[in-house]
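A lone chain, given as structure tokens: the form predicted alone.
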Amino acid sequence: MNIYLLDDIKKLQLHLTYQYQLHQIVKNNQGQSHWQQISTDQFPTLLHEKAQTSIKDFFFAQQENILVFNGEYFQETLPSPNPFVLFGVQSCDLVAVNYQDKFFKNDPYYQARRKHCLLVGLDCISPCEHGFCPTVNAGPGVRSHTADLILHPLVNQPLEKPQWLLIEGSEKGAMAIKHMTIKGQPLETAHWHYLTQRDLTLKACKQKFSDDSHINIAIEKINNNNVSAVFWQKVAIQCIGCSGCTSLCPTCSCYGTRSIKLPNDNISQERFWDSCLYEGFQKEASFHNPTAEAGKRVERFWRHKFSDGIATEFDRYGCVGCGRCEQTCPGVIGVHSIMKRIANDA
């Protein structure tokens, strides 16, 4: 793993645009952060904040045709995107992509997009609103196995000369910057002590997070089956089934399929995002529905986020501590709200 010093990350952005379509987080007129393709060399300032939506839909499309039947045979409609780079992805979202990589390991539609992507991670040096990534081992520093390249802002630098640490996280990342030069010179290799400085900065960042002990208390209660069915039913009254939490959650992967008749009489099989909080999500062909009760659906959702069974299967919990569900839930049963109630009352 090589590390380098950069005085200007715009030079890295420009270099990557020779090989990839570049996407970066920007703010709209309402002050909301979102991912956007950058098509010029006038690169926006790199934002140290998470986008309102995660990056999962770059790989797991919200809606896509997966098969076409012409009356004689089925034909796959695999996507073929141009190579693209997601520049400045925070650790929580990168850990979520790593989680999704395992879930969609054998899914050709997901993998067709995933293999064309270069992930450039960005270390967080201060907590974000609602975030609790250290509690679930998902941040604030980017894990090397989740990103191809890692950017770390070097603090305590003179304002007129900010510097960045650029870390190779994978062979793909190393190849992406192999021929990068600045003023005709190769990248400047950094001394290993910069990694120590990075560790100290990330440690200081962790100490700034709010006390999230209620998360761990609630996780233990969920896995010890100490949360009653009556509690889940009370919580379900507040759930309006809007699917805001499942749409914004970077690890949610529920989907459904439907057949659509095309104008030429061919039949298209479409895949679309679904939600386990919808009443009919688990309804079987026999009309039996194991989660007909709203309380069962809410319980299932949170067990998929924090159960030991999920942790065993995916090497971690299904929550990466981004806090988006807390931010979006109109029923006030996002992660902090629900886990505090479980810790204190359930």
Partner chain sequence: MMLNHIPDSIEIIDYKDDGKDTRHYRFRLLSKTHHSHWHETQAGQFFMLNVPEVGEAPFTFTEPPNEQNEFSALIRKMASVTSALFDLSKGQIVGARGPFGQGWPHTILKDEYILIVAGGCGLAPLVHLINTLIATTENKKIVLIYGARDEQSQMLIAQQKRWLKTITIYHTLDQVSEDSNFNDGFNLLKGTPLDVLPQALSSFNSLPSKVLLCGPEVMMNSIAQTSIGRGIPETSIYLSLERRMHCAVGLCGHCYLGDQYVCKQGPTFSWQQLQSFRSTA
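By rigid core we mean the largest C-alpha set that fits within 1.5 Å across both forms. Residue numbers count along the first chain shown, from 1. Note that the structure is predicted; figures quoted are calculated from it, not measured.
Quick note: we don't show the form predicted in complex with the partner chain, though the next part is all about it.
Picking from 170 to 178, 75 to 83, 137 to 145, 198 to 206 the stretch near the partner chain in the model of the complex, with a 4.5 Å limit on heavy atoms, gives 75 to 83. Relative to the partner chain in the model of the complex, residues 104, 261 and 281 are all within 4.5 Å by at least one heavy atom. Contact check for residue 109: a heavy atom falls within 4.5 Å of the partner chain in the model of the complex. Residue 255 belongs to the set of residues with a heavy atom inside 4.5 Å of the partner chain in the model of the complex.
Residue contact with the partner chain in the model of the complex: residue 69 places a heavy atom within 4.5 Å of it.
Of the heavy atoms in residue 56, none are within 4.5 Å of the partner chain in the model of the complex. Once both forms are overlaid on the rigid core, the distance between the two CA positions of residue 286 between the shown form and the other one is 2 angstroms or more.
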